[in-house]
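Just the one chain here, laid out as structure tokens, in the form predicted alone.
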Amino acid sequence: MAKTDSINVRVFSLNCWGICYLSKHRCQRYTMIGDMLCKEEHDIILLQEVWSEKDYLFLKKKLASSHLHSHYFKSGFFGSGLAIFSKHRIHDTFLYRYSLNGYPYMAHHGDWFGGKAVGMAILSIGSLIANVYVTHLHAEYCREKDSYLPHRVVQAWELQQFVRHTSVGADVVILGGDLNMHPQDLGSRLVRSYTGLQDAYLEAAKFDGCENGMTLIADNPFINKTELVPFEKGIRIDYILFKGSSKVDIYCDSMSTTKGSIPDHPFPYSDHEALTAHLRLESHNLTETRRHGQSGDEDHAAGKVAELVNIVTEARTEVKVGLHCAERMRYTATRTGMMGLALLLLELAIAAVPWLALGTEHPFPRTSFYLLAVLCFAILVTTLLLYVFYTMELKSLQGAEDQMRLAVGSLQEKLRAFPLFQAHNSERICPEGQDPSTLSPGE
């Protein structure tokens, strides 16, 4: 294969933990981050949890001489927290906000107010067009009882859809951010398998950083170790993913992470570790690429499709679990609302007694009566809002489940193009017309 061009690209990703008034040493840490970014001069910088636009503007001013191009993605009440800085020209940007993102009444978690999303920027890297994505998915607060898992699976589903559909004409695709998922979690496998994105940590020829590439580690002073249970040393939830095209091959020559402390500084940049990937882009002759692709292993391709069928089926099952939970919560809200309405009507009936009896004294103390009426009205309004919210959640979950059902059918059609594989693995494939969710997890 004749190589015609080679470009080196350094990609940086960091969850900055920039919650105003809550994140420790926020202003000092942003100064440290800005100084480090000026010194290192990465080609592409992908930041998450930059919740204050003032912090973004501070970094933009600090990086003005090294990174002429930048964009801040605005979304939700507090913003998406996503920002990108680049040495290469940004031609276009777009933000897709995830349809599900937690619950508004879980205010102590705050994800719903953050407007979690995926931001896209189209860059020119030499003569190549690069689609660069930065994202932040819903956090996992309790692994044993993860009530947000269906939401995060839907976010992963929407993320892979967004990347696939918007990167069709791109020569290079780069995705970085805090996915809040372990490498073998369902959502992580779904994103990587469907898009074909490669994990920089797994593909790196050389790695220097935390053990197993962990990005949330017990040695970080900002981390509460109880939050890592049962993973005492830490977890890997931040990623840099990439893929090439028919014109470009991408290689990760090296990758590194910070290790919980920064030399000559009293504390780290963030509660997450920063990632840096050194990517090498090699352009090649298109006709030779096609000839090479035609000689690929058919069984390997069929195996990939079969694996994807299983992953999407597993994701569809998890979404159905979320559907049942949302239906149950909507029913509870409806029942509570009906009780509040009945009490309010009873209050109105009691209030009408003195008027109908022409001067009869009110049977209840007025203060208690009015307080009870206010309580009934508050219950009615609250349950109505919850009913609307759970209905919207149901619609989003149903939409995702329908899309997954269609995707499974389409993937099964692809499997039919591999007759030998189908003959040897007929028991692993859903018969036509059978609900894929009836498959056991091991199938």
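Everything quoted here is computed from the prediction, not taken from an experiment. For every residue, the number given is its place in the sequence shown, counted from 1.
What comes next is about the form predicted in complex with another copy of the chain, which is not displayed.
K.L.:
If you check Phe267, Tyr370, Tyr141, Tyr251 against another copy of the chain in the predicted complex, which one has a heavy atom within 4.5 Å?
P.N.:
In short, Tyr370.
K.L.:
Just to be sure I understand the contacts: of Arg335, Lys206, His91, His300, which is the one whose heavy atoms reach within 4.5 angstroms of another copy of the chain in the predicted complex?
P.N.:
Only one option qualifies, and that one is His91.
K.L.:
So, Thr166 and another copy of the chain: in the predicted complex, are they within 4.5 Å at any heavy atom pair?
P.N.:
The answer is yes: Thr166 has a heavy atom within 4.5 Å of another copy of the chain.
K.L.:
Does another copy of the chain come within 4.5 Å of any heavy atom of Ala417 in the predicted complex?
P.N.:
It does not: once another copy of the chain is placed as it appears in the predicted complex, Ala417 has no heavy atom within 4.5 Å of it.
K.L.:
So, Glu314 and another copy of the chain: in the predicted complex, are they within 4.5 Å at any heavy atom pair?
P.N.:
No - in the predicted complex, heavy atoms of Glu314 and another copy of the chain never come within 4.5 Å of each other.
K.L.:
If we define contact as a non-hydrogen atom of the residue within 4.5 angstroms of the partner, is Leu202 a contact of another copy of the chain in the predicted complex?
P.N.:
Heavy-atom contact with another copy of the chain at 4.5 Å: absent for Leu202.
K.L.:
Can you check 221 to 229, 338 to 346, 208 to 216, 75 to 83 and let me know which stretch has heavy atoms within 4.5 Å of another copy of the chain in the predicted complex?
P.N.:
Careful reading of the contacts points to 75 to 83.
K.L.:
Across 373 to 400, which residues bring a heavy atom to within 4.5 Å of another copy of the chain in the predicted complex?
P.N.:
Val374, Leu385, Tyr387, Val388, Thr391, Met392, Lys395, Ser396, Gln398, Gly399, in sequence order.
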